[in-house]
Structure formats: structure tokens, C-alpha cells
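Read the single chain below, which is given as C-alpha cells and is the form predicted alone.
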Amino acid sequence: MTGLALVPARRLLVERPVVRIALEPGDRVVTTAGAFVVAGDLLAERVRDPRLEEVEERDVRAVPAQPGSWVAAEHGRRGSVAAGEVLFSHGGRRRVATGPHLDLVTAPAAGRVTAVRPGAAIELELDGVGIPGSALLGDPGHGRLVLLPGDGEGRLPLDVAHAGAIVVFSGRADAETLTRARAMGIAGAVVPSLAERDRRDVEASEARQRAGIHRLAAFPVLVVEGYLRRALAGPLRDLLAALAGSPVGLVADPPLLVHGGPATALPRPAPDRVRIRTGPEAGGDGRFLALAGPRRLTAGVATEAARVRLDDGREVVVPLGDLERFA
């Protein structure tokens, strides 16, 4: 269609995504490069409150001391030596990262471990496809996908039956609702957008959970659109509806919702399907009709525009820079 190629494209699916799971000094990796994993498989043990200890090498048995190697707990001549990750050795002494409490780092979906860099990251090539988002708050997680119907005013029917599931908020979500969802045992959430204040509250709640002795399970929150209040785009709603009831995972780097099925089984939007990103009609979905020629905006700037027929039947003229199409 003439002019459609001028509309910025938004990637809707990423096939066989490569993701990173961040590691910190002291985390113990229990997988290896080339290993095949499924959702929930243990990848590493994370030290919750890491500390540094200096150990004299003569006080421990001969073990590898290369940076990144793991040393077991021992009882030497000068007291006990905690287990931990060797950071470096110098002058007959080792600096070891260790800690008293361990959390489990698990695979968010099935795939293959492609690289392991202790203290940095584990790289995974996941099976299936990923749906990109703008940010993930919290640690990666997985569960069955459940779509929550909204009433148009932000009230969502959370229920204890959703425990262990990743729920999709079709409308407005805030920190209070997400905190309540976590308390009910829900495994994660997908939200269209989240304001900066609510993001800070969610991250503060996650930090408090990490500080507790008995830490709760991870509660990842995937923000799809960004900060401004928006509803989910129509093609995204169709994709998530097709995945309802299926096991999915949420990862942070890059922020994705991942599913192990083939991309060919998922619905794809029509080529002329566009969405309005900004302006008076922001959030509206419709069909690209044709170029409308240069139009002068309120600031006096002339820009190329297009005619779009919205789903409610109205036809509007929108600057090309305010549109996005789905690729």
C-alpha cells in the first residue's frame, strides 16, 4: 500500500529469542554452556546478602583459585572458611564473595544455555517466540497465562484461583493492585503501562521481599507500553488471547513474554493495521487508508500525514510520526 512503508514498524514477535539472566559476585552457577533446560530448571544459586571475605591460601586445601571458580566451605587451622566465589588472588590471599542466604535462579522457559559468565550473566536461547515489552520489574518467572476482564474503570477480578498464574491486566493497573495480586500467590503480571510512582512502589516492595529471611517467590511485572496510560494494542490482545491457558515465561534482558510454541500458530495482524501512539487519538487502532499530504500542526510545523479509519468507524488524519504498524 502506498505510504504504509513510511510508518515506523513495531516488532510484534521475536523468534527463538536470546536472553540474559544477570548474575552477581557470589552467585553459584549450577548449569553449563550447551545444557538444555525446561521452565523451572535450576540455573544458579543467588546470594541474597553477599559479603567479601579475605582468606589466606595456606589455610585451605589446594583448590582452583581462578576468578569465577567456586570454593567449598572448609575448616582450616585459623577457623572456618565460608563457601563462595573467588574474585581474585594476590599475595597469598584470596578475596571470596559469600553470604548466608541463597535464592534459586530458575529457567523461565525451555531452551539451551549458550554461555555462562560467572559474576556477569547466563545466556539462554529460548525455544518458541517472545513478545517484546518495554521493561520488566523484578526477577524472571513463569506460569500459565490468564487474561483478566476489566470493567473499564480499572477494577479487575483477582481471585485465589489465579495463584501460580501470570495474569494480563487489560486496563489500568497500579502498585496497590499488583501488591494484592502478589499476596494472593499470583506468579506475575503483564500490564499495558505503569506510572513512575507505581513503578517505584513495586520496586520498593520487591526490595523488601529480598530483605526478608523467608523470601517469597519471584513476582515479575512486564510493562508493555511504557509510562503513559494506554490500553493494549489490538494485535497484542489477540496474541495474548491465543496464548491464554498456556505456560509462558517473563524475562528481563530483553524484556519479553516467551512461549514455547511456533510463531505460525499465533494470529498476525493485517498488513495495513496501525496504531496511534501519541496525539488526541492516542491508543486508537485502525486501518491505514492512504497518505493525506502535508498538514500543519498546532505548533506551526508542517509534516506528512495519513488517513486512518479507526475501529469505531471514524476516519481521522494523523501525522505519520504518531503512527506505528506491526511487523
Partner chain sequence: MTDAAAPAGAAGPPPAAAFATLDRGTATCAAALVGRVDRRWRLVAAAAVPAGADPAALVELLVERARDLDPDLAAEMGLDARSAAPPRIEATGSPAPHAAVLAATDATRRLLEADAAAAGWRTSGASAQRDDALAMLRRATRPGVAMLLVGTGDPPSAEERDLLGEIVALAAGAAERRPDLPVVLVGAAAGRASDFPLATDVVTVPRPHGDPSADLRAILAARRAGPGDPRQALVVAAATLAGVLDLRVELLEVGMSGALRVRAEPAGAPGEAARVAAREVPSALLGLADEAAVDRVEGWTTLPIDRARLRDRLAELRLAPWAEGGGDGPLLRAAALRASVERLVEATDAELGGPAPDLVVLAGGAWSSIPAPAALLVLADAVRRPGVVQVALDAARLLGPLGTIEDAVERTAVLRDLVPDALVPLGTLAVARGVRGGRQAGHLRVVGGDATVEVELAGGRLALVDLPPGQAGAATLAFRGTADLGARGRRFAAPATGGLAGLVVDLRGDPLHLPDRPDERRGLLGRWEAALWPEHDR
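Keep in mind the model is a prediction, meaning the values are calculated, not measured. Numbering follows the first chain given and starts at 1.
The form predicted in complex with its partner chain is left out here; the points below concern that form.
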In the predicted complex, the one of G34, P262, P267, G293 near its partner chain [non-hydrogen atom within 4.5 angstroms]:
G293
Position in contact with its partner chain when the complex is considered in the predicted complex, options G119, P254, G171, G164, heavy atoms within 4.5 Å
G119
Please pick out the stretch from 267 to 275, 48 to 56, 34 to 42, 254 to 262 that is in contact with its partner chain in the predicted complex, where contact means heavy atoms within 4.5 Å.
48 to 56
According to a 4.5 angstroms non-hydrogen atom cut-off, is V202 in contact with its partner chain in the predicted complex?
no
Contact between R144 and its partner chain in the predicted complex at 4.5 Å, heavy atoms?
no
Although the partner isn't part of this model, could you tell me whether V86 comes within 4.5 Å of its partner chain in the predicted complex, counting any heavy atom of the residue?
yes
I'd like to know whether A242 contacts its partner chain in the predicted complex, with contact meaning heavy atoms within 4.5 angstroms.
no
Check V14, P149 and A175: does every one of them have a heavy atom within 4.5 Å of its partner chain in the predicted complex?
no
